[in-house]
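The chain below stands alone, shown as structure tokens; this is the form predicted alone.
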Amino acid sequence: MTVQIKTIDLEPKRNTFAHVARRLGADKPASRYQEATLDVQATENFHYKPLWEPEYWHYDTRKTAVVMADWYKPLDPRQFYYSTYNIARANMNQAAEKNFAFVDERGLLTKASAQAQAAIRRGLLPVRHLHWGSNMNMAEMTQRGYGTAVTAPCIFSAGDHLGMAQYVSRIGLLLDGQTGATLDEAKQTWLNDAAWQEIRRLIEDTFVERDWFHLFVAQALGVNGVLLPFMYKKAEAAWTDAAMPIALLTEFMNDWHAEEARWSDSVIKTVAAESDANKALVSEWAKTWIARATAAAKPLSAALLNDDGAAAAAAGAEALKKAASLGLAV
């Protein structure tokens, strides 16, 4: 008896979804990112306008003053969709877990000087509240923004900020033997310490900004562009003999910032280049929030480093240089 195995090549009738094919200009194979992003957001057949904001539809381009002919133009250069985002973050988290285990097993934080531990409690642990505020902002942009190309990465970023808040919290738990006492102290520092009040004022002011792309610029160029680099890079001298353990425990934040900026910078550059009106608006927003973030960080810079705000000013100057490289008139 002879068994013959034959193979048949089946040609697919279509290479991708029709709405993706219209975007690509032809029915050709599309990437997973393109199929998970392009024209995914609903645009019509809504039942009723939201009762809490009846002047707009659920997804409405009028929720920002900037105007784009196509909100799927500012694509994510990382090409993140659910799967690739989680794979990338899982790899980064593995490295972070190894760093935490390394520091914990050797007691590197508890062996640090009392001066270093006090500086960490006052100057680093309250940043968990800044990340929580950033999480709220990114979630707000997700629900008010337009186009999956922008809103999908926004919710990924919201999750990132929540995760970074948890990393900062774990630094406190390493210091206090897992009692949580340092986190209670950090909350009171965030609420009452004069050095933190301008930063708290800034993040709370962002909560009430209704123009979602204005909020995007404030978060990307103000909070992410000035405050986070100041906290995780410029202020490292404040941790004195604990600088190396803190660098290990916050390595995730610095790696994340470099990666996140690839996306947020690309979005801002694309939107500003759409028209002169967009460029003028985005430039004004960028100048305002970079200046506010720089001024807000100066009291903390002076308190931690005794530098009269020089480290904060340096972070602000770098943010202005970055904004200029994106084509903004700052």
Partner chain sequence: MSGTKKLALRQRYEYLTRGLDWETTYQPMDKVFPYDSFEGIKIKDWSAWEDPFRLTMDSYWKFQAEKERKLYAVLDSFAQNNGQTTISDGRYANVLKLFLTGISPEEYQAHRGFAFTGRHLRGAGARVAAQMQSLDELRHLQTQVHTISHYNKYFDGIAEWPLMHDRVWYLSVPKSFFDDARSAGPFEFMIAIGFAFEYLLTNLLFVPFMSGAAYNGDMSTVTFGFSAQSDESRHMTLGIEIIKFLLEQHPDNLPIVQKWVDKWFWRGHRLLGIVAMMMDYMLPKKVMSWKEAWDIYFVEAGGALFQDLGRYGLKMPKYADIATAEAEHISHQNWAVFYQYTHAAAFHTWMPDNEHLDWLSEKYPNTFDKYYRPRWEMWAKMEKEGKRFYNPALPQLCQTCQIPMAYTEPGDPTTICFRSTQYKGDTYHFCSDGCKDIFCDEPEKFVQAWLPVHQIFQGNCGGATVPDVLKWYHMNVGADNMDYVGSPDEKLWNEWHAEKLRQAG
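Note that the structure is a prediction, hence the values are computed from the model and not measured. Positions refer to the first chain, counted from 1.
FYI, the form predicted in complex with its partner chain isn't displayed, but the following is about it.
S.K.: Would you please decide whether Met253 lies within 4.5 angstroms of its partner chain in the predicted complex, comparing each non-hydrogen atom pair?
M.R.: Close contact is absent here: in the predicted complex, Met253 is far from its partner chain, nothing within 4.5 Å, heavy atoms only.
S.K.: Report whether the minimum heavy atom distance between Lys187 and its partner chain in the predicted complex is within 4.5 Å.
M.R.: Lys187: contacts its partner chain in the predicted complex.
S.K.: Using the partner position in the predicted complex, report whether Arg121 sits within 4.5 Å of its partner chain, counting heavy atoms only.
M.R.: Arg121: no, not in contact with its partner chain in the predicted complex.
S.K.: Applying a 4.5 Å heavy atom distance criterion, does Arg210 contact its partner chain in the predicted complex?
M.R.: So Arg210 counts as contacting its partner chain.
S.K.: Answer yes or no: in the predicted complex, does its partner chain come within 4.5 Å of a heavy atom in every one of Ile87, Gly180 and Leu183?
M.R.: Yes: each residue has a heavy atom within 4.5 Å of the partner.
S.K.: Of Ala69, Ala277, Ala42, Ala26, which one comes within 4.5 Å of its partner chain in the predicted complex, counting heavy atoms only?
M.R.: For this set of options, the contacting one is Ala42.
S.K.: Of Ala195, Ala139, Leu108, Ala247, which residue is found within 4.5 angstroms of its partner chain in the predicted complex when only non-hydrogen atoms are counted?
M.R.: Here the answer is residue option Ala139.
S.K.: For the interface check, one of 277-285, 259-267, 55-63, 297-305 should have non-hydrogen atoms within 4.5 Å of its partner chain in the predicted complex; which one?
M.R.: Contact-bearing stretch, as computed: 55-63.
S.K.: Of 13-27, which residues get within 4.5 Å of its partner chain in the predicted complex if you count heavy atoms?
M.R.: Lys13, Arg14, Asn15, Thr16, Phe17, Ala18, His19, Arg22, in sequence order.
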